[in-house]
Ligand code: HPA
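In structure tokens, one chain follows: the form predicted on its own.
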């Protein structure tokens, strides 16, 4: 029997730092001489049971201390890609947070070149095509984001686009208008987290001020009927992360997630894992979870998979996208 989690799909909302499993964290800590404030992997895994976005971010950024060398980033990305391939991922557009590394003394080139080494051989090793998206930390200054963009220019042959993540409330998209304009001038694609914790107005700003092509999360857009109509009319993709929404208390329980109503409204939604090591599952696990908890049937799962390829940045290779879409249509669940 073919299971929902093995359905061919693209993953469009995945933070590579959020794939750091406790076992790899301890292995890298030992290799790099980093002391972790946890006795063992079980104690660290227990720490992954955080209560809100800020407590998650504190752990998330603190644990990055184990990532020091290009080899570390290569190993991290390889581990994700192997897991993703087993869960049906055929294409992955992967976020990374350069400021979280450069601020602790790891050169940007070390990060990009380490990740690129894994991504460049991903099709051969894992059967997964990849693209890399550089995110700016929205709780840092716009000046810091601009400095990061300029520092990344020698590495743009590895990077397809820019994104915006970290703590949303109090940091509207408009704060980064000049940075996004500069990124657009460099030919980079544009996405941004909006409407996860922040209001629907942040989704509008991301579209109108930053000129993004996709909204990451966008959950709270459902509070604004006119915005929903616009998103449907303009076919703006939303990269939803249901397990993340539950763990960070944007939704109390998975059974309350608005995914079914968002699909019924005609929104172009996709399902992704966000930070899977921390949020209880990779993207195939997420497909299985929404199937079980929300009654998302087989044809709706197929629609979500189809949407993932339609929303991807594969428009430079329509033949590849067509092949992936054909795989979705040919997939049989039993």
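Numbering follows the first chain given and starts at 1. Remember, predicted model here, so these are calculated numbers, not experimental data.
Absent from the display: the form predicted in complex with hypoxanthine (HPA). The rest refers to it.
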{"property": "The single option of 70, 53, 29, 290 touching hypoxanthine (HPA) in the predicted complex, heavy atom within 4.5 Å", "result": "53"}
{"property": "The single option of 66, 57, 294, 267 touching hypoxanthine (HPA) in the predicted complex, heavy atom within 4.5 Å", "result": "57"}
{"property": "Touches hypoxanthine (HPA) in the predicted complex: residue 248 (any heavy atom, 4.5 Å)", "result": "yes"}
{"property": "Partner contact for residue 217 in the predicted complex: hypoxanthine (HPA), 4.5 angstroms, heavy atom", "result": "yes"}
{"property": "Any non-hydrogen atom of residue 193 within 4.5 angstroms of hypoxanthine (HPA) in the predicted complex", "result": "yes"}
{"property": "Residue 166 within 4.5 Å of hypoxanthine (HPA) in the predicted complex, heavy atoms", "result": "yes"}
{"property": "Residue stretch of 158-166, 102-110, 176-184, 115-123 approaching hypoxanthine (HPA) in the predicted complex, non-hydrogen atom distance within 4.5 Å", "result": "158-166"}
